[in-house]
Ligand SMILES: Cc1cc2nc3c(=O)[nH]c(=O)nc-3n(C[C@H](O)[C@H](O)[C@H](O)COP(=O)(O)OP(=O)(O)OC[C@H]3O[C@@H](n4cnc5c(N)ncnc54)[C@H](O)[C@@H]3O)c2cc1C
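To begin, one chain is listed below as structure tokens, in the form predicted alone.
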Amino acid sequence: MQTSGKSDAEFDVIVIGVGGMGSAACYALARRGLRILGLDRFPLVHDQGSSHGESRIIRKAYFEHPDYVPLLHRAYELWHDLERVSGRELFRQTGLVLSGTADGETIRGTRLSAEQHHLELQNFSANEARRRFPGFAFPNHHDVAFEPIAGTLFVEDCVRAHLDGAVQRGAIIRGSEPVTDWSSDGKSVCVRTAMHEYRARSLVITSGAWATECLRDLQMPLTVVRKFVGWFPHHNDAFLADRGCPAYFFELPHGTFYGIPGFDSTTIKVAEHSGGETVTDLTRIDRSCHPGDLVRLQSFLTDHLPGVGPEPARYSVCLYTLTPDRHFSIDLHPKWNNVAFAAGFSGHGFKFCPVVGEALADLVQRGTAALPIGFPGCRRDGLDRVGDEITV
């Protein structure tokens, strides 16, 4: 361990949770020459939280809200920069096809963001889309939009690249070391784990599904849900990324479904974005596959991806941490100005990892972020006010 003239237990910033967001925060902070300690309760680049499962969609015409688009412009820049620095392929431009009714959230919101931010978006009727994207069965009453600059992020490689880059710049990253408690006096923080006690000037909390535990006295209104993801077999070249298959998203009356083309030539990724079983005990998450996990996915495949096999070749379980309004919560702690946190990414956050890392670095260094992150602050309308009295 490097000491940089300090005790091994003293740092500039400690980061709790080094998955997608935390690894990016470690990297952003280490690039600024700060002495960083990153801690995670699980082995590094694990499959127990929200940052695993091979691939994630990245897009700019953001139907959730146009205010995300400036953050996405920066995210694209930072992902490409990380690719260059790490020498890894982290992003594959596959495009994204979205299917829904013209007045639904997906199509209406996508077109609004594209219009406001002058993004390229190609619009098709259902018949035109069937010819353009063979393999997909689009409902006759749907509008279809295609965003050509959208694509896929290789999630585990992204986390590894951020962690490796942080370590190369002097950060210390420790997995399998769960945090048991932390405290702040506004000038320094103390973090206790099952093994050690550490001190730093500042603290960043990016603990994913465990955010409520790490920020328990804030009483953040977060709900964790279990999400099943399957890779289903096919024998159709139309579902291959290198044959032009895009990522996809369908808004249907009974739910929203998405997926990513296969990179193994034999499967396509399929999942439901809506729904999910609420997790009440994070120590007992069911990671097996049950018939109930497959019913809705199999129905979606039959109706909209005909020819894809009904039984998954492999599967994974990940966690969504939902806010009431499904927007993020990124802010300084209401009481301690040397503690920043990011939580509640609601199943659409991974593409923002480097932007969130950069914003968190700004918050603990300067108390404000250069990026426009005000709208996902913890005091916004639509997110219940967190507690004022905090003694963690």
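Note that the structure is a prediction, hence the values are computed from the model and not measured. Quick note: we count residues from 1 along the sequence shown, nothing fancier.
In what follows, reference is made to the form predicted in complex with this ligand, a form of this protein that is not presented.
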Does every residue of G19, R41 and F350 put a non-hydrogen atom within 4.5 angstroms of this ligand in the model of the complex?
yes
Quick check on S207: any heavy atom within 4.5 Å of this ligand in the model of the complex?
yes
Does S50 reach this ligand in the model of the complex, with heavy atoms at most 4.5 Å apart?
yes
Look up in the model of the complex whether R56 has a non-hydrogen atom within 4.5 angstroms of this ligand, and give yes or no.
yes
Residue contact check: H46 to this ligand in the model of the complex, 4.5 Å heavy atom
yes
Heavy atoms within 4.5 Å of this ligand in the model of the complex: which stretch among 171 to 179, 113 to 121, 89 to 97, 233 to 241?
171 to 179
Looking at C214, L305, A150, L222, which is the one with a non-hydrogen atom within 4.5 Å of this ligand in the model of the complex?
C214
Among the candidates L301, A129, V229, L82, the residue which, in the model of the complex, approaches this ligand to within 4.5 Å (heavy atoms)
V229
In the model of the complex: members of 286 to 321 within 4.5 Å of this ligand, any heavy atom
C318, L319, Y320
